[in-house]
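Take a look at the structure tokens below, where one protein chain is shown in two forms, each on its own, as structure 1 and structure 2.
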Structure 1
Amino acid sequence: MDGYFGSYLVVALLAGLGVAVVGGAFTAGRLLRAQRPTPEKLITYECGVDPVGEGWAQSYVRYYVFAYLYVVFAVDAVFLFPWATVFAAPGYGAVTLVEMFVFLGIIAVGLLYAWKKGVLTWV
């Protein structure tokens, strides 16, 4: 267990143990559950209302753009927290400050583009 590959062996064993526990839980759930399917149980259930019509519905692409913009700003926040710790380290202040302003500039240009296209207006 010593050496370079010994540490990977521990990780592989723990990953295998995790997969075995999850697989065992799924198998136990499958074996222990009650299985009495009826036609009423097999229909699609949606908020207590019987389904009417097809299951296909068209959604606005604007909602996906909102989700995409959220991801962009969430990633922005993920990069800002480590940057704050590096910025305090001696010798990295000016370089990291310039890099972060370039990064925030790119994010700002993307936000400005989305605003100019009218993406940020709610339906």
Structure 2
Amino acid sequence: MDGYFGSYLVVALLAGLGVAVVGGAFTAGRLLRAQRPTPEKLITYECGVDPVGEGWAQSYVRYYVFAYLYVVFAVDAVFLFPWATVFAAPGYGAVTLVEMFVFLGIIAVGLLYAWKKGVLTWV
């Protein structure tokens, strides 16, 4: 279990073990439980009252911008990882630090714009 492939083999085995535990628990539950469905039992549970309408509802389009902001800042954050591993190494130093803050500063302008336009207030 050494080396690159060995260490990821451990990750894969652990993931498989997790799937097996959850799947085994559900299968055991299915085999052991009593099963007497009635129409009332098959209704979707909604805090004790009978559900009204369809399960699929349309959301407000304003929430799309939050998902979009999440994508932009996920892309932004991904670049912090390679930067964090090298900026303290010999040969990088202050220039690399400044380069990352220029990158973050340019995106912060967008955040400032979003804040000014009232995008960040929860409606």
Partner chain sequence: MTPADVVFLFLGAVTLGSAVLVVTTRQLVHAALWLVVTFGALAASYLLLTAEFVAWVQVLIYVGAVVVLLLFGIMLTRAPIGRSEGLDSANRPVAIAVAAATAALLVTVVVAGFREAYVELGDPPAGTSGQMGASIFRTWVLPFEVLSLLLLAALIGAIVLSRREIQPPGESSDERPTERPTGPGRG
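Between two forms, the rigid core is the largest collection of C-alphas that superpose within 1.5 Å. Bear in mind that the values here come from a model prediction, so they are computed numbers and not experimental data. Residue indices: 1-based, along structure 1.
*Asks:* Return 1 or 2 according to which structure is the form predicted on its own.
*Replies:* Looking at both copies of the chain, structure 1 is the one that matches the description.
*Asks:* For residue 29, is the CA shift between structures 1 and 2 at least 2 Å following rigid-core superposition?
*Replies:* Result for residue 29: yes, a 2 Å-plus shift.
*Asks:* After the core is matched up, is the C-alpha of residue 39 off by 2 Å or more between structures 1 and 2?
*Replies:* Yes, shifts by 2 Å or more.
*Asks:* Is it true that residue 13 shifts between structures 1 and 2 by 2 Å or more at the Cα, once the core is aligned?
*Replies:* Superposed on the core, residue 13 moves its C-alpha 2 Å or more between structures 1 and 2.
*Asks:* Rigid core superposed, I'd like the Cα shift of residue 61 between structures 1 and 2 in Å.
*Replies:* With the rigid core fitted, the alpha carbon of residue 61 is displaced 3.3 Å between structures 1 and 2.
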